[in-house]
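Okay, so here's just one chain, in structure tokens, the form predicted alone.
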């Protein structure tokens, strides 16, 4: 079933059919339903009532706080995760001895062996009144408050998503050809210059991929703002839960969800263009 130009159209269709059906049934159709709901009206008892109005999109500024918190804390959390993860990934991939590297990687994975909910509750106790604030007050440093603040949410984000940032960067660094570093040393480059001109450019695609992975997950985060933010620092995910399950305003919730999808599509488009430029620049630098 192969012609001179490649596989036949029938074979291609058969191979693509399972993935296409999965994509259509679990992504395209649900998204289409949400888009239709976003133009409807809230029924008298809640839910959806068929209509075609733009009021839901015009009322999006009413949830500006949720959008603002998400669009501020998600990028900041991504950048902080990157700053914390890159040195650790570099140490694991380049500096760590092979006999200890596996043990260190296991330590990075260990938090995933415990329920994410339990780990977040643990941070609630640590940041609560009987945790760090009580120790700081006992030390005579004054009264501080951590829980239910943007700092608590940001700390929970970094703790939860740091391993997801580490592994893509580690993979890109682990695949780095060590002969390039040796060549830079032979040509008289200092370790810092070799890192900036060889290691960092070659690992940039992995870092960008890791940032995009963490950022996309943070845009839909619900649990961390709910528990560590205490209803005072909430994300779009918290707004969606409130609109769909509590106020039962499905059309408005659908409009918020569609807006989130649009933001994510724009972000992914920028990422793809940026990743393509990085790949082209890397190829030119290697030539």
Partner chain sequence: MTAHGAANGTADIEFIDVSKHFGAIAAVDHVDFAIARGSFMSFLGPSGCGKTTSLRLIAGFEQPTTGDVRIAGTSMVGVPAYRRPVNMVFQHYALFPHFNVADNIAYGLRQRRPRPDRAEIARQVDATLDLVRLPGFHARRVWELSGGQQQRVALARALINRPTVLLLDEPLAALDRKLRRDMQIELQNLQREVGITFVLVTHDQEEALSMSDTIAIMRDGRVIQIGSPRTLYDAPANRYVAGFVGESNFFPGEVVAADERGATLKTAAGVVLSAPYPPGGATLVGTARGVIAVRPEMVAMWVGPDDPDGAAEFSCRLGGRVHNRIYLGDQTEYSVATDQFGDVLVRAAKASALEIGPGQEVRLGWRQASGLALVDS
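None of these values were measured; they are calculated from a predicted model. Residue numbers count along the first chain shown, from 1.
We do not show the form predicted in complex with its partner chain, though everything after this point is about it.
S.K.: Within 4.5 angstroms, counting heavy atoms, which one of the listed stretches 110-118, 68-76, 143-151, 187-195 is next to its partner chain in the predicted complex?
M.R.: Correct option: 187-195.
S.K.: Which pick from 88, 207, 158, 202 sits with a heavy atom within 4.5 Å of its partner chain in the predicted complex?
M.R.: In short, 202.
S.K.: Out of 104, 84, 126, 183, which one falls within 4.5 Å of its partner chain in the predicted complex, going by heavy atoms?
M.R.: By the 4.5 Å criterion, the partner-contacting residue is 183.
S.K.: With the partner left out here, check for me: in the predicted complex, does some heavy atom of residue 179 sit within 4.5 Å of its partner chain?
M.R.: Output for residue 179 is yes: heavy atoms within 4.5 Å of its partner chain.
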